[in-house]
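Okay, here we've got a single chain as structure tokens, the form predicted on its own, with questions on binding and movement later.
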């Protein structure tokens, strides 16, 4: 695998789970990593771990669900990293887990922002760092929920389906700028999102017990192992790969 020295990769949702594992691996391969997540001790700890192998890496605290926060975060990135070579849109939010007709509209809208609209906003704000004539690879983290409706997941399913199409649009428009884009479904991974799913009210989410069973039966994938499978596509996706949707279980 080629060294990532002199390359900058930005990862959202970088404080834990797949985002954390990818950030650590990118640092080990020599990349400068920009870790984006909401301010937390977890973000601080992950950043320190990344900086142990990649001292130039840094964190930018940002709530992807807030337009102003996204704009400010992107400005901070551009001040320090005028060229970005890789972008991993990993941040996500499963809430609200409620039947479509009963979901709080503000929570439903926030889900759209975190899972889809914030992706567009962050990418657009970083235009000058992505469209500088250098090779750029963009990866979005998809879900099986993008392909089939699940009860009480209307916001998440809709946003992830939209994110898959957004990735294809970016791939089509980026082809003339040396920019590729792929989406990858990671499977059912043992992350904080799974905790939220298992904590849902069973009256609101009739499939809750299925997800409890996945955990009890050891069916949840380890984030580090998933990140290792994702890594070649994140860092070496070709222009021929661009616009495609992958499933980590097939990698």
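Just so it is clear, the model here is predicted, and its values are computed rather than measured. Positions refer to the first chain, counted from 1.
Unshown form predicted in complex with a small molecule; subsequent notes refer to it.
**Student:** Just one of 50-58, 201-209, 186-194, 25-33 has heavy atoms within 4.5 Å of the small molecule in the predicted bound form; which?
**Tutor:** The contacting stretch here is 186-194.
**Student:** For the three residues 86, 136 and 170, which mark the spot I'm curious about, does each lie within 4.5 Å of the small molecule in the predicted bound form through at least one heavy atom?
**Tutor:** Contact check failed for every one of 86, 136 and 170.
**Student:** Mark residue 229 yes when one of its heavy atoms lies within 4.5 Å of a heavy atom of the small molecule in the predicted bound form, and no otherwise.
**Tutor:** Residue-level check for residue 229: no, no contact with the small molecule.
**Student:** May I ask you to state whether residue 17 is within 4.5 Å of the small molecule in the predicted bound form, using heavy atom distances?
**Tutor:** Heavy-atom contact with the small molecule at 4.5 Å: present for residue 17.
**Student:** Can you work out whether residue 215 and the small molecule are in contact in the predicted bound form, taking contact to mean some heavy atom pair no more than 4.5 Å apart?
**Tutor:** Flag for residue 215 set to no.
**Student:** Just checking whether residue 118 would be counted as a contact of the small molecule in the predicted bound form - the rule being heavy atoms within 4.5 angstroms.
**Tutor:** Although the small molecule is absent here, residue 118 would stay clear of it in the predicted bound form, with no heavy atoms inside 4.5 Å.
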